[in-house]
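Both blocks below hold the same protein chain, though in two forms, and each is given as structure tokens: structure 1 and structure 2.
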Structure 1
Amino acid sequence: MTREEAVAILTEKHQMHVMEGFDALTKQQQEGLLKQVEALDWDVIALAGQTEPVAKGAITPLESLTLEEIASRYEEYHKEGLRAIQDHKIGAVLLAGGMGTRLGSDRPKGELNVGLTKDRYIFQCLIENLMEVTKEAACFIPLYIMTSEKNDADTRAFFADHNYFGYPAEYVKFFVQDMAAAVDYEGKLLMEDHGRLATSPNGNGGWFSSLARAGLLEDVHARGVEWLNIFAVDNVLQKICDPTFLGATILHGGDCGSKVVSKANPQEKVGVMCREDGKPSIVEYYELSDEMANERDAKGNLVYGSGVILNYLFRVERLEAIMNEKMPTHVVEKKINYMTADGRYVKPEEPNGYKFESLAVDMIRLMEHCVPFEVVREKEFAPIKNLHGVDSLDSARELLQQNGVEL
């Protein structure tokens, strides 16, 4: 994009403040800013202020494979999943673009030390969980790690400094999550530095398009990978590329699978599996009416009780088919660091604008057949969202110890 083209579009959009001081920038800074302007999605920016949840269609139940059903076919599922791993059809994707801000750290979240008497990092826990499977299968699984602009260099260095926690470096590839511009409450683009728009990661829903843009889809195809198991960085207990989960999804003809736990109570703040207009979907806890949240079946189980834990399996072929489909944009009020017109850098203590995100849960609705797969909460769900309290470092440490992990 040329300067003239940028001026034209920014004038039309009433955002010419972005070009203030342009002549004083270095050539590299000018090129960087023009590249950012060219990449702006004005349809998304126009959503500023629209913080209401994305409208849902008709919600109906979607039954999960229960613990009992899984146990009855365990050997069949496990054998099928193990075969898929050994046939090199499985890859893993770690969503690690976040920082440890809520945990009092300015480092990548995966660097958090959960150890008590020795060092044990979140990244280490996840790699060791994956290696339990690779040892059983006697082969390695390609691992793609999504970082963000803000933590990419630190994450790569951390893995290198710790020798990838014993995982072969040639099986690990990093890629950077796409970024989205942030705006103030008036819809004006914020600047984070001279000649640089304030941006933030665009949500975990863009993981596959980011992977493709980084050129790693070629690596996926070259390795013969047909399925990708994506998982969040903050759940230190989760099983990754779990053969039983893989096999169940494959044998039931799904193009995706979702690990779920039985909700602790009707008000638990987790998304739940459902059907939306007849297609698999996930409805957030705040989108359920009180009646739906409390509805129970003949056995006394919650009808909408399968809580997702952000551990999904997707067929690559289906991901490629939907890659260019428009996903819902979620507008979120946030505290956004920015630079004022006179060059002052501000770290607000209260929300001051909007960030725009897409979410991985929205990908489920683009699938034809999802297989919800129940797991035991105490064995596979120990998210670290806070330092103390519910879903915290404290609770995760307790669960890790309950599962025999030395801290």
Structure 2
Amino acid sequence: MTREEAVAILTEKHQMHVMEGFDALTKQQQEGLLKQVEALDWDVIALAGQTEPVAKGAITPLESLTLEEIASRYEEYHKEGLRAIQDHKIGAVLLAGGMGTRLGSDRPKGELNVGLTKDRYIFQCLIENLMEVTKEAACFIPLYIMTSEKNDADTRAFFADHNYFGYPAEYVKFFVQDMAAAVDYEGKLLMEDHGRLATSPNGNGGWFSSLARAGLLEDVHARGVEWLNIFAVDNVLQKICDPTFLGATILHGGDCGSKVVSKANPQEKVGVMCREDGKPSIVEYYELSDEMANERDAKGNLVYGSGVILNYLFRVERLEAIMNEKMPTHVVEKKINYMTADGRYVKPEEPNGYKFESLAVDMIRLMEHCVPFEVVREKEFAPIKNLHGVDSLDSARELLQQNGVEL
């Protein structure tokens, strides 16, 4: 994009502050800024302030495989899943592109040390969880790690410095997700430096297209991987590529599987599995009416009671088929570091604008058949979103210790 083209579009969109000081920039900075402006998605930026949830279709229940049902077919599921791993059909994808702003650290979230008497980093916990499975299967599983521009170099260096926590490096591949611009509460693009728009990771929804763009789909095919198990960086208790979960999803003919926990109470703030216009989907707690949140079935269980924990299995073939479908954009209020017009750098204490994200949960809606698979919350769900309080480092430490992990 030329300078004139940038001026034209920025004038039309009332964003000319972006060009202030343009002449004082180096040629390289000027080119960088013009590239950033060219890449802006104005339809997305126009959504600033629209924090209302994306409209949903008709919501009806979707039954989960319950703990009892899983226990009754455990051997069968487990054997099938183990076989899929040994046939090299399974890959794992760690979503680690987030900023972890609630933790308040500038480092990648996976570097957080949950140890008390010894070092035990989040990344280490996850690799050890994965290695429980690879030991049983007696073969390794390719692990694809999504980072962002902001934490890619640090994440790679951390893994290398710790010798991949014992996992073979040739089974670990990194890829970088896309970034999106951010705006203040008036919808004005924020700058993070002279000649640089403030950008942040564009949500975890673009993980598959980013993986493909990085050329890793070829790696997936070359290895014969047919299923990808995606998981969040911050749940230190989760099982990764759990053979029973894999086997159940495969045997029930799903093109996707979702680990779920029984909701602690009807008001718990968690997304739950449902059908939306007949398709598998996830409805957020704030999208459920009181009546739906409290509805119970004949056995007394909550009808919308299967909370998702960001651990999904997807069939690669299906992912490729839906890869170019448009995903909804979520507008979220966040703390965004920026530079003021007079060149001061600000690290806000409170949210100061909007980021634009697409979410992996919205991919479920694009699947034909999802198998929700119940797991025991106290054994598999210890997310670290904050340092203290609910879903925190403190609560995760307690849960790890309850599960016999030495900290």
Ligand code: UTP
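Residue indices: 1-based, along structure 1. All values derive from a computational prediction rather than experimental measurement. In this text, the rigid core denotes the largest set of C-alpha atoms whose superposition between the two forms falls within 1.5 Å.
Query - Structure corresponding to the form predicted on its own - result: Answer is structure 1, the other one does not fit.
D184: CA shift of at least 2 Å between structure 1 and structure 2 after core fit?
It does shift by 2 Å or more.
| If we fit on the core, is the Cα of G100 displaced 2 Å or more between structure 1 and structure 2? | Indeed, G100 is displaced by 2 Å or more.
Practice prompt. Compare the position of the CA of T66 between structure 1 and structure 2 after a rigid core fit and state whether the shift reaches 2 Å.
Written response: No; that C-alpha moves by less than 2 Å between structure 1 and structure 2.
If you line up the core, how far does the Cα of T11 move between structure 1 and structure 2, in Å? Its C-alpha position differs by 4.5 Å.
How many angstrom apart are the two C-alpha positions of N352 between structure 1 and structure 2, if you fit on the rigid core? Value for N352 between structure 1 and structure 2: 3.0 Å of C-alpha shift.
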